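Below you'll find only one chain, the form predicted on its own, shown as C-alpha cells.
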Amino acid sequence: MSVAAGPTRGALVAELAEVVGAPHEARFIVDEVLGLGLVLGLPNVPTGPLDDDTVAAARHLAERRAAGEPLQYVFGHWPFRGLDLVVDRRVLIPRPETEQVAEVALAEARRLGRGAAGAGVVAVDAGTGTGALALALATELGRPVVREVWAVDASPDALEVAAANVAAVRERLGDALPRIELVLGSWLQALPPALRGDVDLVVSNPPYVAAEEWPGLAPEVRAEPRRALVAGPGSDGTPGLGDVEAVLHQAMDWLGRSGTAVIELAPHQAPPAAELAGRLGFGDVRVEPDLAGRPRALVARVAR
C-alpha cells in the first residue's frame, strides 16, 4: 500500500510547472490525477502529503505533456460546453472557438424549431469528430426541439470516438436525448437520400487551415490529425477554403426551404465564404464573431 509521504499538492504543482513550463497546466495535471478535474474551489482539495502512486502518475502525465503531446490527449478527455468528451489522437481537439459556433447553431435551431410545427429540427453535423457539435445540439435542446441529429465523418477512427461519446451521454440522459445517427462518409453525401430537402440545420467545423500554414503551427497542434485541420484552396484561390466550400455546396442540396448552414471558418475566409453563399442562393448571410471578436461562424439561411 502506498504511503502518503510525498510532496503536497502545491509543492507537486510547483515541481511540474518547471517540467511543462506552464503553472496552470501543472495544476490541471495534478488535479486530474486527484480526480478533481478542471473545477476550482472544491472543498476536498488535499492539503497534506500525496501518496507515491499519485505523485508518480502526475509526473508521468507531465513528462508526456513536456514531450509535446497536447494536454487533452494526455488526459484522454476534455470538457466542451458541459460535456466531458473522449478526446485522443484520432480526433481534432474541440476548442473555445467551436463552443461559440455551437452557440450560434443552437440559436438557429431554436429559431427553426419554432417553425417546425412540433415535428422537431433535423440537424446534421458534417465532419463530427468527437461528436461535440452534434451532442451540444442534442443535449442542450433535447426533445422536442430536436427530432434527430445526423453526425457524419469520413474517418472511421473519428466515428469510433464520437460513438463512445454518444453512448456515454445516452447512458446518462436516456430517452431525453434525441435520436443521433452516426454515418461514415464525405460531408452530406453520406446521408440517406430520403433526407434530401428535409434537413433544417447543417453545422460543421471543417478543416480550414491552408497547407502552407501547417509547418508553422505549434507542435501540439501538429500532433492532431492533419486531415481534420488542413484543407485545399477554394475555387477562387482562398487558402484553406476548399472544405468550407464543399459543405456549403452540399448543404444547399440537402436543406429544406427555411434551413440554415452554420460553418466554422478562419477570419480571413469570411468575405469569400459569405460571397460564395450568396452566389449559391442563400438569401440571408452573415458571419458571427468568436469570443475574441474575430469572424468565425458563417450563418447562411436558405431563401427559396
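Throughout, we count residues from 1 along the sequence that is shown. Keep in mind that what you see is a predicted model, and the values were worked out from it rather than measured.
Just so you know, the form predicted in complex with a small molecule exists too; it's not on screen, but the next bit is about it.
Engineer: With the partner left out here, if you bring back the small molecule in the model of the complex, are Pro94, Ser186 and Asn205 all within 4.5 Å of it by some heavy atom?
Structural biologist: Answer is yes for this spot.
Engineer: At 4.5 Å between heavy atoms, is Thr128 in contact with the small molecule in the model of the complex?
Structural biologist: Although the small molecule is absent here, Thr128 would touch it in the model of the complex, with heavy atoms inside 4.5 Å.
Engineer: Can any non-hydrogen atom of Ala154 be found within 4.5 angstroms of the small molecule in the model of the complex?
Structural biologist: Taking the distances in the model of the complex, the answer for Ala154 is yes, it comes within 4.5 Å of the small molecule.
Engineer: Report whether the minimum heavy atom distance between Thr98 and the small molecule in the model of the complex is within 4.5 Å.
Structural biologist: Residue-level check for Thr98: yes, a contact with the small molecule.
Engineer: Does the small molecule get within 4.5 angstroms of any non-hydrogen atom of Leu133 in the model of the complex?
Structural biologist: It does: once the small molecule is placed as it appears in the model of the complex, Leu133 has a heavy atom within 4.5 Å of it.
Engineer: Heavy atom within 4.5 Å of the small molecule in the model of the complex: which of Ala228, Leu191, Val104, Val161?
Structural biologist: It is Ala228.
Engineer: Partner absent here, but in the model of the complex, which of 162-170, 146-154, 215-223, 104-112 has residues with a heavy atom within 4.5 Å of the small molecule?
Structural biologist: In the other structure, the partner sits against 146-154.
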